[in-house]
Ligand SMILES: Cc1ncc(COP(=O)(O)O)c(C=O)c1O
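What follows is one chain in structure tokens, specifically the form predicted on its own.
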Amino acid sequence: MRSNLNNAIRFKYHQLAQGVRFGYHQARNLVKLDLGQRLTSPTLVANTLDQDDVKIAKSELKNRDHWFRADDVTVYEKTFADWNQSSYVFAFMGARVALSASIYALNLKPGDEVIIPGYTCVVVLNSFRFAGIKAVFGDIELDTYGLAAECVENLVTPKTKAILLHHLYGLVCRDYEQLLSIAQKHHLSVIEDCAMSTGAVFKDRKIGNYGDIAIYSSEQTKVFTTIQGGLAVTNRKDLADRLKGFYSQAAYPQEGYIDKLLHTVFINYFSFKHPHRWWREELVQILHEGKTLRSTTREEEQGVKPAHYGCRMPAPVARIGINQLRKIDAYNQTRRETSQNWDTWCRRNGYQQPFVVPDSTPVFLRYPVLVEPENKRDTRWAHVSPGVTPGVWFVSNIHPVAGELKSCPRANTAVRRCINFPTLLF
């Protein structure tokens, strides 16, 4: 009885504290409004969510009986395949899972080596670790932040079975064709990490269609979003058959996970996209406390496989994905137009513009710039001019896990100096 009473008191106190914080923050916002100061700045999260996505999420929360129906997922996979000019597509609950499926499809074995960029995310490294594959880090180039071809040649050993090349920030990798040629020369498989560049084009063909297999992401900071989600894509039937084998063994996520994901759709919309997010963000966080889905868990940051890892995509997430694909080209065009303004900013301020590979059309998920190390450590200068909050991908070679790779000096330079500006300025 006493325990229940104490819990009730703590709950009431928590509610009161939330109300006081909300009132204080909104009073401060009203002062800013009276002074003519900006209440919000463009964000780097959930930029492509709109009210139509919120409507789908709320509808799905009310109609849970078809969450595990395969038809919507099949439509999503076919829609992406047609749009991406690809033959076979499989939808999972993350690009990291799609990468695990790709490792399985390529028949990589424990003890095999795969060359990957020394400027990546911990979840990429984890996918190889979980399969017992040794990741060998290659340095990057500082034009597009892609794997540097001249480094790869020196890393190939008899144990090397594949290369993972990535297209970062919406740019096409500078050494794309060279890396494909090196892989062909040494009979290596190529995995294309297109998580940040979905829709980018090289020589009239979307990236991801040049290697053996490719992965795409619809995580909440990517080109389009289903909050969590990923796709494995190939044009080879033999690899598609193996992907299908992995896919058929993958479970659906638990209902509680899907529930959180759908809540995160409208939490993110009102927090990061809604024009009145200056007051709605905190309110929606209070009303749906504990319902936000974290993109990368602490377990993953520590190299531990989470319990929910390895799932296929359920129907409600696929329905949001279908809706997002209807808008992706328009949003990518807006990103490209915004990037021209950042080109001008770079020229005026003496910074190098990102390199656009000839015969390529980037999507500019973000606009990367190498600034002084002190300007990356403290980005408050950008809040005044140019009036945005920059992103800091990546804060380490294996983001966000601390540590430095001495074998990758250019990647270390990017870690110290690369910031990235938003390209959807809502």
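Position 1 is the first residue in the sequence shown; the rest follow in order. As the structure is a prediction and not an experimental result, all values here were calculated from the model.
This protein has a second form, the form predicted together with the named molecule, left out of what is shown; the following refers to that one.
Chemist: Is there any non-hydrogen atom of Gly94 lying within 4.5 Å of the named molecule in the predicted complex?
Modeler: Yes, Gly94 sits close enough to the named molecule in the predicted complex that at least one of its heavy atoms falls within 4.5 Å.
Chemist: At the 4.5 Å heavy atom threshold, is Trp67 in contact with the named molecule in the predicted complex?
Modeler: Looking in the predicted complex, residue contacts with the named molecule do not include Trp67, since no heavy atom lies within 4.5 Å.
Chemist: Can you tell me whether Ser217 touches the named molecule? I mean in the predicted complex, with a 4.5 angstroms heavy atom cut-off.
Modeler: Yes, Ser217 is a contact residue.
Chemist: Is Ile140 close to the named molecule in the predicted complex, meaning a heavy atom pair under 4.5 Å apart or at it?
Modeler: Flag for Ile140 set to no.
Chemist: Which of these stretches, 130-138, 224-232, 198-206, 259-267, has heavy atoms within 4.5 Å of the named molecule in the predicted complex?
Modeler: Result for this chain: 224-232.
Chemist: Only one of Ile115, Ala318, Val124, Ala105 has a non-hydrogen atom within 4.5 angstroms of the named molecule in the predicted complex; which is it?
Modeler: Of Ile115, Ala318, Val124, Ala105, the residue with a heavy atom within 4.5 Å of the named molecule in the predicted complex is Val124.
Chemist: Going by heavy atom distances of 4.5 angstroms or less, which of Ala101, Ile191, Leu147, Leu168 would be at the interface with the named molecule in the predicted complex?
Modeler: The option sitting close enough to the partner is Leu168.
Chemist: Counting only heavy atoms, which residues in 388-426 are within 4.5 Å of the named molecule in the predicted complex?
Modeler: Heavy-atom contacts to the named molecule in the predicted complex: only Phe394.
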